[in-house]
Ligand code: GLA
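Presented as structure tokens, the chain that follows is alone, the form predicted on its own.
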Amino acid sequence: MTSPLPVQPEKPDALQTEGALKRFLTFSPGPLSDVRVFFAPGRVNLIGEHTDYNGGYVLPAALDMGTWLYVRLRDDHRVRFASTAFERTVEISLRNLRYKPEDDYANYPKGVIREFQALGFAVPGMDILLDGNLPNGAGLSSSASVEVATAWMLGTLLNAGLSPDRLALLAQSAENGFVGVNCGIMDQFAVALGKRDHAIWLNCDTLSYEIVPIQLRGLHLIIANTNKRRGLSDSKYNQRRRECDEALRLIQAHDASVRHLADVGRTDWPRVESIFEDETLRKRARHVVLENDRAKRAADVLRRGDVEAFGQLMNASHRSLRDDYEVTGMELDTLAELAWAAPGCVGARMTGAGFGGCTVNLVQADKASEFIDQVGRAYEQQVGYAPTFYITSIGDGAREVTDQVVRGRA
């Protein structure tokens, strides 16, 4: 399945309202005063990769790029979907809500609608337009952005009284049960609860979390997109989950008190690794154990404002994802290794599920242009096509933005 959002080269913080609003009013004619608009960001995971579904810690942050959802209520039991990424529109009946591969991008909001129906909410008919500026298939969680935007919209319009973390759980359930991607909670949680200039230090087992300030004085957060397209549901993501489940079963056969792979501490690993005869399972478990330790240490490092130490943790994370978890690939490795050698780079690692997508880079602000030029040229020479770079900011989580988008036009 393709990601539901397009690549758009505008500045990440520029609201793409004029064209999208015009498209929506053509798609759904009627009074502008009836239009509501909601926004949910994408996310970048700074460290703690593939630990979320293993009961560990993650450190994601919301971006200022994301998804805008335009909606108008209808007086029937139909929902019509459109997207600025695709010409095709999708129309469904709320009385017969099913996953259909041909519905592509619409399956993400459809899954969230079904979750609300399962809770007993009477979801009304709607016209919905999706617009966004997240790179397509880049691992910045465009699917979670669409899902949380839909959940936030429904929670608001239905006066559902659901907390942001509850909406995140509903969005995750939609992706697991309806779309068929066995993702953890990190993406939806970061999208729903993000805070500007902060990361979320989240325990994915208990859902306890802390908002951790990120002091990037003199640094830029640069997202580098490999431009290698990948579909998460078509990748080896579910295979890695099965391998982790098998590794956990082997550990539990020796110690029933271990509930998750991430329960194994760094100091416990030398003892635990002798359990494994299968080298692949040993490597998968080793990544989870040591990555979880890095994610735990990262929060303290950021509290102290020690970005140099954080950069070293990022680099170690990528090497583990490359060597033990084996989810990087030539394109991501090329970007990371070129970044490590480039001027001004404090740290670089792949972010997201892997198998393509993006790296996240901390770069000295006065070296950002040189970094982008050097890494971009070398990557194109080695890979055969150019990457795309985004100098972005850490933004807020999901919210209604009707006033900002529609004000002055009604």
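One rule holds for the numbers: they count along the sequence shown, beginning at 1. The model shown is predicted, which means the values in this text are computed figures rather than measured ones.
What comes next is about the form predicted together with this ligand, which does not appear here.
Comparing 183 to 191, 127 to 135, 252 to 260, 311 to 319 against this ligand in the predicted bound form, the single stretch with non-hydrogen atoms within 4.5 angstroms of it is 183 to 191. Shown alone here, G352 lies within 4.5 Å of this ligand in the predicted bound form, counting heavy atoms only. Residue contact with this ligand in the predicted bound form: G347 places no heavy atom within 4.5 Å of it. Contact check for G48: a heavy atom falls within 4.5 Å of this ligand in the predicted bound form.
Using a 4.5 angstroms threshold between heavy atoms, W340 stays clear of this ligand in the predicted bound form. The contact residue chosen from F116, F178, Y209, Y237 relative to this ligand in the predicted bound form is Y237, the criterion being a non-hydrogen atom within 4.5 angstroms. Counting a residue when any of its non-hydrogen atoms is within 4.5 Å of this ligand in the predicted bound form, the one hit in 27 to 44 is R43.
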